[in-house]
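The chain below stands alone and is given in structure tokens; this is the form predicted alone.
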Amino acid sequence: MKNYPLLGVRVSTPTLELRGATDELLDQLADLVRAGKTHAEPAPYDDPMSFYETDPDLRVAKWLRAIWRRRGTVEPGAWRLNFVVMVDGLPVGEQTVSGADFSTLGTVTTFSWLSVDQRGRGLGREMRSAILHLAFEGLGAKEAGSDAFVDNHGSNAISRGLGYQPNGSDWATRQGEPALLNRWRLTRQDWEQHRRDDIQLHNIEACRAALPL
């Protein structure tokens, strides 16, 4: 999308590609959301979360509206980049990176989900590696954070394997019930020890110019 560079940035690895979440790609990804392929047991999302909506059409509508709201907010205090995860030309999930007071703090947080029929192939780790490369190499981040419920063993294992360090815990609600979160912290120094040379950034300069970095 040449007229909005935040949607034109791409990150490619030998296994997958993160593409800026244009409406065309979101329309394709919506089929997975409608089919309920975002879900997992135990539930990985804190409240409020559109994926807990039982009506499929309303679930898609709430999910899209949330993306559009966040996509339209590009301020020094808060911004978010949404990506559709593509494998062999097909959308299989979503990956985001967010900055809050980034120009002062240099910190980002990430969020992702992967279609249930694509799990167990190492794609979750590959997605996270790709977005961290964008954050540190492309955007100049100093630190990345992540959190996951203590029973989300997959996400916690990815964080641990990529060099994140435990950063305490916190409580959140999950479908109205309290649940404990693990918090994780990855410094630039620790990321450098795990950085890869087979991840490519595309259209990054235009993206950098459009973000309040």
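Given the structure is predicted, the values throughout are model-derived calculations rather than measurements. Quick note: we count residues from 1 along the sequence shown, nothing fancier.
Although not depicted, the form predicted in complex with a small molecule is the subject of the following passage.
K.L.:
Of the residues Ala30, Ile67, Ala179, Ala40, which one places a heavy atom within 4.5 Å of the small molecule in the model of the complex?
P.N.:
By the 4.5 Å heavy-atom cutoff, the listed residue in contact is Ala40.
K.L.:
Select from the listed residues Val150, Ala61, Ala157, Ala172 the one whose heavy atoms reach within 4.5 Å of the small molecule in the model of the complex.
P.N.:
For this set of options, the contacting one is Ala157.
K.L.:
Which one of these stretches, 135-143, 73-81, 99-107, 113-121, sits within 4.5 Å of the small molecule in the model of the complex when only heavy atoms are counted?
P.N.:
The contacting stretch here is 113-121.
K.L.:
Residue-level contact is defined here as any heavy atom of the residue lying within 4.5 Å of the small molecule in the model of the complex; does Pro44 satisfy this criterion?
P.N.:
Answer yes; at least one heavy atom of Pro44 falls within 4.5 Å of the small molecule in the model of the complex.
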